[in-house]
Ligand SMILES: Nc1ncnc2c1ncn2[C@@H]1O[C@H](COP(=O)(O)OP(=O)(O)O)[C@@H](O)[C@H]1O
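First, one chain by itself: the form predicted on its own, in structure tokens.
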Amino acid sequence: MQARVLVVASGKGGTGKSTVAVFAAQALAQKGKKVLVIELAEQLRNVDCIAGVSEQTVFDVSDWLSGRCASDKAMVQSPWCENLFIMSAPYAYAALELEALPQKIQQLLEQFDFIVIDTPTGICPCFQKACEVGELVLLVLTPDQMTLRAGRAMTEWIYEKNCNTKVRLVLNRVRQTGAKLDLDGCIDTVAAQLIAVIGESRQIFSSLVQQQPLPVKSEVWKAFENLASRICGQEVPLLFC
């Protein structure tokens, strides 16, 4: 069975896109799936810190795409889960050879169950090329009008350019307030089916600072487990944590 390729994207910065990419990948890995996270960016590496592998990274995605190293040299095994592997972006700016991506991904399909591509914000060249190989885009947005509107622009571009690529909405950093979250309004604005609601959590902040995994008994981790289950086609409820 070939890997499913997921693209994690966002129309605006600050939505927690990379955090969702890593923790969703971890949740998939803990379901017994073999998962690779590829940080497809030309600079601003941060996935390695989120995943707790910042001290282990030697080669990066630019080395892999350019052929300077084999794929296994660019991957780092996560200390959190033996089935989770990370391929980081370059630390300093390095132009990525994006034209090589489809062929390079094709070579990895038999090795993994899921390949998760974390892309930079917006409709940038990295995002556009990732959509050529991805079957599902997870659009990570916060429930405010500006971010949702930017998400709608991305949805329209995806459906215009990539007819075979599906889009699912992940509402992230949702705060518990007295006002009821208008899920239908968010869905209508973005024009994408909702797959997860993940709350604003101090546990996520602590995890990022300490470069440690989320507590497995926490509500926010359960939200990521449910996201992984939905990606795998299981019917589980949305969680409002």
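A residue's number is simply how far along the shown sequence it sits, counting from 1. All figures in this text were calculated on a predicted structure; none of them were measured in a lab.
Not on display, but discussed next: the form predicted in complex with this ligand.
Although the partner is absent from this view, T57 stays clear of this ligand in the predicted complex, with no non-hydrogen atom inside 4.5 angstroms. In the predicted complex, at least one heavy atom of S201 sits within 4.5 Å of a heavy atom of this ligand. Heavy atoms of N172 reach within 4.5 Å of this ligand in the predicted complex, making it an interface residue. Interface residue remark: L208 is counted as part of the site for this ligand in the predicted complex, having a heavy atom within 4.5 Å.
Look at 193-201, 57-65, 24-32, 180-188: in the predicted complex, residues with non-hydrogen atoms within 4.5 angstroms of this ligand sit in 193-201. The partner is not shown here, but in the predicted complex the stretch 1-32 reaches within 4.5 angstroms of this ligand through a heavy atom at G13, G14, T15, G16, K17, S18, T19.
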